[in-house]
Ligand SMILES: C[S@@+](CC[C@H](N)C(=O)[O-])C[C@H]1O[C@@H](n2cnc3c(N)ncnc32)[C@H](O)[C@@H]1O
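Given as structure tokens, the chain that follows is alone and in the form predicted on its own.
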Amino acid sequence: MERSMPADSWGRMAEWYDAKQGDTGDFWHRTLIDPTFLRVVGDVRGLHVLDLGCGNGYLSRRFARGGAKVVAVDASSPIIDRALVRESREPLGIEYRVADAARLEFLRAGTLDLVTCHMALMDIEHADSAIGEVGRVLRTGGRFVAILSHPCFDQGPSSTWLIERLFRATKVWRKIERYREPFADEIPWEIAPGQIVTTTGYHRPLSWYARVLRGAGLLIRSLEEAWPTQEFVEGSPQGPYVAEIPLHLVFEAIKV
């Protein structure tokens, strides 16, 4: 089995990831992650939006179609190239940028109505600086809406399901370790049979996020845990488990 972690692992996965997400998100995103996230985001018509860690831009395009003026940022040049190809085929006026989320100097302070970060915060090494930049670029009253792997229940390879089949029932638990301790771990992605590419993920406890958001002038207004749709429950082997224990956390924070 080939296993590699090049300097830009996300770049190496760009073609595979773009095909997987397409224009609507893959099954997991479309039926589990996105419904709760998009409900919290709400109506974006007329808003100036930053999509931070935009990937192939499928949500950037959704926001633009919904009437938003969108700037979309990702650190991986190959994945932004894929998004630009899609923009050339269907121009929506999205401004795509290759940039470090912790360094958004091209954006003026206090100019954005909404910043979204969709399944990217746990992949950003300097997430504290990135959240600081979010606080800088948002106007007073602007919102930051992010969804990430649930810090309490999903730490990548260091967390797993425990399933016990009893005489009349099946019991499910979620096993985690080192919850209080921020740490990095390698996340494997099988982009082709026998071909594994790893990316680095970063676990931080809930208190870390609350503290960093507060320091950036962002007040948490709501917390949601992504609910699986019936399609996900019926269509994924993990569906019944996720119906009991959430794997994704959404927060909405307001610039004060």
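All of these numbers come straight from a predicted model, not from anything done at the bench. Don't overthink the numbering: it's just position in the shown sequence, from 1.
Beyond the structure shown, there is the form predicted together with the named molecule, which is absent from this document and is the topic of what follows.
Chemist: Closest heavy atom of residue 29 to the named molecule in the model of the complex, within 4.5 Å or not?
Modeler: Flag for residue 29 set to yes.
Chemist: If you check in the model of the complex, is residue 58 within 4.5 Å of the named molecule, heavy atoms only?
Modeler: It does: once the named molecule is placed as it appears in the model of the complex, residue 58 has a heavy atom within 4.5 Å of it.
Chemist: Do residue 54 and the named molecule share at least one heavy atom pair within 4.5 Å in the model of the complex?
Modeler: Yes - in the model of the complex, heavy atoms of residue 54 and the named molecule come within 4.5 Å of each other.
Chemist: Should residue 124 be counted as a contact of the named molecule in the model of the complex, where contact means heavy atoms within 4.5 Å?
Modeler: Within the cut-off, so yes.
Chemist: Looking at the named molecule in the model of the complex, do all three of 111, 134 and 144 come within 4.5 Å of it through at least one heavy atom?
Modeler: No, the whole trio is out of contact, none within 4.5 Å by any heavy atom.
Chemist: Counting any non-hydrogen atom inside 4.5 Å, which residue from 83, 120, 138, 72 sits next to the named molecule in the model of the complex?
Modeler: By the 4.5 Å heavy-atom cutoff, the listed residue in contact is 120.
Chemist: Find the only residue in 87, 100, 128, 185 having a heavy atom within 4.5 Å of the named molecule in the model of the complex.
Modeler: In short, 100.
Chemist: Choose from 87-95, 166-174, 73-81, 153-161 the stretch whose residues reach within 4.5 Å of the named molecule in the model of the complex, heavy atoms counted.
Modeler: Contact criterion met by 73-81 only.
Chemist: Mind listing which residues of 218-256 have a heavy atom within 4.5 Å of the named molecule in the model of the complex?
Modeler: Heavy-atom contacts to the named molecule in the model of the complex: nothing from 218-256.
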